[in-house]
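First, one chain by itself: the form predicted alone, in structure tokens.
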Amino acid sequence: MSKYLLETEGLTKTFPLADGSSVHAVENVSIQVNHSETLAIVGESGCGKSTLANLVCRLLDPTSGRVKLNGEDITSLNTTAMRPYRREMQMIFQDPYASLDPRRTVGDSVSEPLLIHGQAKRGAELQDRVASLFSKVGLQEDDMERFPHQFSGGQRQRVCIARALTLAPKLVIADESVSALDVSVQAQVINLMMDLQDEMKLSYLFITHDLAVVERMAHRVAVMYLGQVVEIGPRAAVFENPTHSYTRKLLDAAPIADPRQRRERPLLTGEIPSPRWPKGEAPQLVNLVEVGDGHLVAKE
């Protein structure tokens, strides 16, 4: 078994534009996710979090760099060669309603990966396996015959979690998977995901802008700014000793629920710099230096 379940090396994604300029969405990102670990990727909208997630699960091809799953380089594999690795990693998207076919029952949607990958045949076996998955995520067997519009947002996300688990993956990539939910429902879904992680030994790559969620469930945190990781380390180290100026601003801007602890805080102001660069130009690569045990920060 490889030391890391997921590893990226210098992962870069550039989108060329018609005028010769290019958008540097992800730039030289090297991260590792350990077995049974949650690594949270945080940052503002447009920092490259979702692009990174799409590169990791090969929905996008990188401009350069490598993606390794359990030590195997999957960067250049074609659709056929990627097929077995698809079973090892699954994705949960932000909008559960858009993720489900409104014309199909949720039971059919959850069973589809099993049929595509030849893991089960139609009949009692398939029915039992899907019913077991529904039970795992807190839904009833009768719910299998219902359609997506008949569920609440939290229930739909539970259906999407069940579908992501059908092939017993080792890695689940959650792209803002709880951000559209009410706070109380969000807490229930987070607790469910943490319970499933313990039960099934899952690893999560958790993409979010919500620092409260990160503090609740992440083991390690990577902070992205303009496509690059500027700080990465254990959750406690990043939250208690934020070293990069951008990390400090993110934490200072986070809301505080207790009014007795409210204070005047410097908020993030001004426009976010554009990741678009003229032809022949590119951003300067950051250099991460270790400031603590496993805590790395970009030089400023």
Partner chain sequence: MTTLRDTTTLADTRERPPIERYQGLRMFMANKAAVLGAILLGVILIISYILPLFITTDKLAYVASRHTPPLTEGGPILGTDYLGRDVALIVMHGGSTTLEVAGFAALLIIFVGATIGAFAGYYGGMVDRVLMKVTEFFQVLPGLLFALVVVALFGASTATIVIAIGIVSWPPIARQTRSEFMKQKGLEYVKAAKAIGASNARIILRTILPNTFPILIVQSTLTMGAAILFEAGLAFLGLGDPNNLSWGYYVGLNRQYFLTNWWAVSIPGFMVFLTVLSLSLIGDGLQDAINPKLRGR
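Note that the structure is a prediction, hence the values are computed from the model and not measured. Positions refer to the first chain, counted from 1.
Below, we refer to the form predicted together with its partner chain, which is not included among the displayed structures.
Participant: Any of the heavy atoms of R129 lying within 4.5 Å of its partner chain in the predicted complex?
Facilitator: Outside the cut-off, so no.
Participant: Can G71 be called a contact residue for its partner chain in the predicted complex at 4.5 Å between heavy atoms?
Facilitator: Residue-level check for G71: no, no contact with its partner chain.
Participant: Quick one: does Q90 come within 4.5 Å of its partner chain in the predicted complex, counting heavy atoms only?
Facilitator: Yes, contact at 4.5 Å.
Participant: Might L165 be said to contact its partner chain in the predicted complex, defining contact as any heavy atom within 4.5 Å?
Facilitator: Answer no; every heavy atom of L165 is more than 4.5 Å from its partner chain in the predicted complex.
Participant: Can you pick the one in M224, I161, V172, L139 that has a heavy atom within 4.5 Å of its partner chain in the predicted complex?
Facilitator: Spelling it out, the residue with a heavy atom inside the cut-off is L139.
Participant: Taking heavy atoms and a 4.5 Å limit, what residues of 95-121 are near its partner chain in the predicted complex?
Facilitator: Contacts from 95-121: D95, Y97, A98, S99, L100, D101, P102, R103, R104, E112, P113, I116, H117.
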